[in-house]
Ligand SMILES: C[S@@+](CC[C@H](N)C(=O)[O-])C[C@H]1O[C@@H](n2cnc3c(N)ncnc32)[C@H](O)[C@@H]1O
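Shown here is one chain on its own, the form predicted alone, set out as structure tokens.
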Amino acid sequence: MGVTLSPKQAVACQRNGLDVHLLDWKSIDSTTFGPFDGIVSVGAFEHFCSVEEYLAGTQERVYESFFKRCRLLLPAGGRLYLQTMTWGRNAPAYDDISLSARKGSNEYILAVMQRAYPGSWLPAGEEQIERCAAPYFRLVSRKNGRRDYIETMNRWDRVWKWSPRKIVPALKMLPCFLTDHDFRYKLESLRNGYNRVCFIREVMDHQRLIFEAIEPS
């Protein structure tokens, strides 16, 4: 059973026979679907905290709410698999991220990516995630996926670089030049592979974490 915020994703999944619901995780409680044996979250956690929540100092409160909700849906010993991007060891401070920074610098690249993909602020790292989970879960496995993620993007690049399948999506994006003021930043980010650059430079990191639900204290 899956949940998503994307109507198109939900329709595509349902069309392929999957049990998917258009729901915000914050609206799910123990009465929505009942209990689960296990929970998987892939690539969602990194979007849970907004920039505004980070600046307001409530980032960890957001994460604690997620772990508390997951714990309510699992029995003691139930597993939660969490895959997420985090900030890496070379991430600049928030106040240094700027379009006025030197072009090609970490600070400039992140400023472009913020305009291209607005709305979220990454977890500080696995230590912060583990700390927020601690009242409800214990960490049983941790694997760093940064190098795997770089290789994944390299392979995507080879598949799509000369593919005629790029033509239709490219044509569909043309109206965005007129309607989306930040569209040029999206193109710059894609053209220069800024996401991959951030992983290579360790500005961003990638974690695969398995948690086990503990008995309430």
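Residue indices: 1-based, along the sequence shown. Here the structure is a predicted model, which means the values were calculated and not measured.
The following text describes the form predicted in complex with the ligand, which does not appear among the structures shown.
Is there a heavy atom of Ile214 no more than 4.5 Å from a heavy atom of the ligand in the model of the complex?
Close contact is absent here: in the model of the complex, Ile214 is far from the ligand, nothing within 4.5 Å, heavy atoms only.
So, in the model of the complex, is Gly57 in contact with the ligand at a 4.5 angstroms heavy atom limit?
Output for Gly57 is no: heavy atoms all beyond 4.5 Å of the ligand.
Flag Tyr63 as yes or no: does it have a non-hydrogen atom within 4.5 angstroms of any non-hydrogen atom of the ligand in the model of the complex?
Output for Tyr63 is no: heavy atoms all beyond 4.5 Å of the ligand.
In the model of the complex, does Ile200 come within 4.5 Å of the ligand, counting heavy atoms only?
Close contact is absent here: in the model of the complex, Ile200 is far from the ligand, nothing within 4.5 Å, heavy atoms only.
Contacting member of Val51, Leu187, Ala44, Ile39, with respect to the ligand in the model of the complex [4.5 Å, heavy atom]
Of the listed residues, the single hit is Ala44.
Does any residue in 21-35 get within 4.5 Å of the ligand in the model of the complex, counting heavy atoms only, and if so which ones?
Heavy-atom contacts within 4.5 Å come from Leu23, Asp24, Trp25.
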